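Below you'll find only one chain, the form predicted on its own, shown as structure tokens.
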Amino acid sequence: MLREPSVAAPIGEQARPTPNLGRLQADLQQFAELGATADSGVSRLAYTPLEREAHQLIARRMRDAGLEVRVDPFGNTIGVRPGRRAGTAAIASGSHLDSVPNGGRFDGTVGVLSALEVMRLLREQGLETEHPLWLVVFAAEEGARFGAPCLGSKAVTGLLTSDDLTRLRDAQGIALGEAMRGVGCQPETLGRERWSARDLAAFLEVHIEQARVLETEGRPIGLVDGIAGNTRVRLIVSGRADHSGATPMHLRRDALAAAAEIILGVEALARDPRRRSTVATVGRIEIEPNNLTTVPGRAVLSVDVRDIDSDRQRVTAREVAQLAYRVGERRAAQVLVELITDSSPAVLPIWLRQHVAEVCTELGIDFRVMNSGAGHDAAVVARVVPAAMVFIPSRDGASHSPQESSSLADIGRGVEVLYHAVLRLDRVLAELEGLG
């Protein structure tokens, strides 16, 4: 017998449904098989057929959960659960499904499946919300392919430009816009679809921590108050390609040797104790001609500088460039510095985090407030509408690798927090809007 849908009551007065861990495990496994690598990792790069296949799979799961599904022109998949009150701004949750090369099975996917499980539980409980609910699966969150992160969320928040569509290119020289068109997206519509506070009241994202703070402290939940920004630059070092046997050492203009000195210098800059929360990584290097018997004539380095302090982030990036110029001058190598992307740190609103904290307290779940050194779509969305992030522990802090893992119990706890946070926010916003 069907029950009449009801509006959620406060936690103390409502049922506490249990997330279906078997269902979550089965879904995690199915997504892990899309782009599976030999050592149990996942390679599902942005705007590739594999990423699109993952979006098609989640769309089927959304429809099975009773959601109305659409894919926007930038490849973001959105499932909508209507609310009782038409025309009100939605409460959204979700994450991403793309990965870095040979990455992990949990990054992004946990947030997507947590939001899906919330939708399933609401349906099984027969609950309606005042506000519409969105399950958002962003495209191209990882910056692995084009160097710039969070492209799907930037597209709908006005932070992606038409210049980016041609300027950003992958290792094969394929431009972002070309790659998007190749999988059926419509980059030419950039700017026509833009989210605002009229569309969304708030965005909530569950994510693995990708570090070991929660595990070390034995805490099951982290609530994020700030997300680090990043400045990414490409350093092109041009020396001279010469015969490795015939060219005396004092006459060489070895681009790789210069690059090696720059790499160690970048590490030293970030290790300076005065920088505290600064991290800097040279994550990609390309060598030409890349031949054993030829002195390298050209080296291209990709540098990622991150910090929770925006001034320190930019100062460090400038010092990286200055370091590269000094090394190049000393080694008679030409250095060109290109900016790939620059994103400021994001401070998430305290009022929204406080509501999630009160949910944790009512559920008896220990938590801590913490920063995120990794970037997330929530940081981008927060520039348009209020956003909050819920972290669950990562085993041994492993991430962006096949060793990435989180327990089903921790994932289920994140689902429970998200479920009650959505209902609490729906109730609180309805009262403020006079809908209750």
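Position 1 is the first residue in the sequence shown; the rest follow in order. Not measured: the values here are computed from a predicted model.
Keep in mind that the form predicted together with another copy of the chain is not shown, yet the notes after this line are about it.
Using the partner position in the model of the complex, report whether I287 sits within 4.5 Å of another copy of the chain, counting heavy atoms only. I287: yes, in contact with another copy of the chain in the model of the complex.
Counting only non-hydrogen atoms and a 4.5 angstroms cut-off, does V295 reach another copy of the chain in the model of the complex? Residue-level check for V295: yes, a contact with another copy of the chain.
Using a 4.5 angstroms cut-off on non-hydrogen atoms, would R232 count as touching another copy of the chain in the model of the complex? So R232 counts as contacting another copy of the chain.
Exercise: T278 in contact with another copy of the chain in the model of the complex, heavy atom 4.5 Å: It does: once another copy of the chain is placed as it appears in the model of the complex, T278 has a heavy atom within 4.5 Å of it.
Counting any heavy atom within 4.5 Å as contact, can you tell me which stretch out of 58-66, 24-32, 406-414, 373-381 lines another copy of the chain in the model of the complex? Comparing against another copy of the chain in the model of the complex, the contact stretch is 373-381.
With another copy of the chain left out of view, which of Q354, N291, T361, T189 would have a heavy atom within 4.5 Å of it in the model of the complex? By the 4.5 Å criterion, the partner-contacting residue is N291.
Contact assignment for another copy of the chain in the model of the complex, among A211, L160, I221, L133, heavy atom within 4.5 Å: So the residue touching another copy of the chain in the model of the complex, by this definition, is A211.
Does each of V100, G283 and A398 have at least one heavy atom within 4.5 Å of another copy of the chain in the model of the complex? Yes, the whole trio is in contact, each within 4.5 Å by some heavy atom.
Give, in sequence order, every residue of 239-258 that has a heavy atom within 4.5 Å of another copy of the chain in the model of the complex, or say none if there are no such residues. R240, A241, D242, H243, S244, G245, A246, T247, P248, M249, L251, R252, L256, A257, in sequence order.
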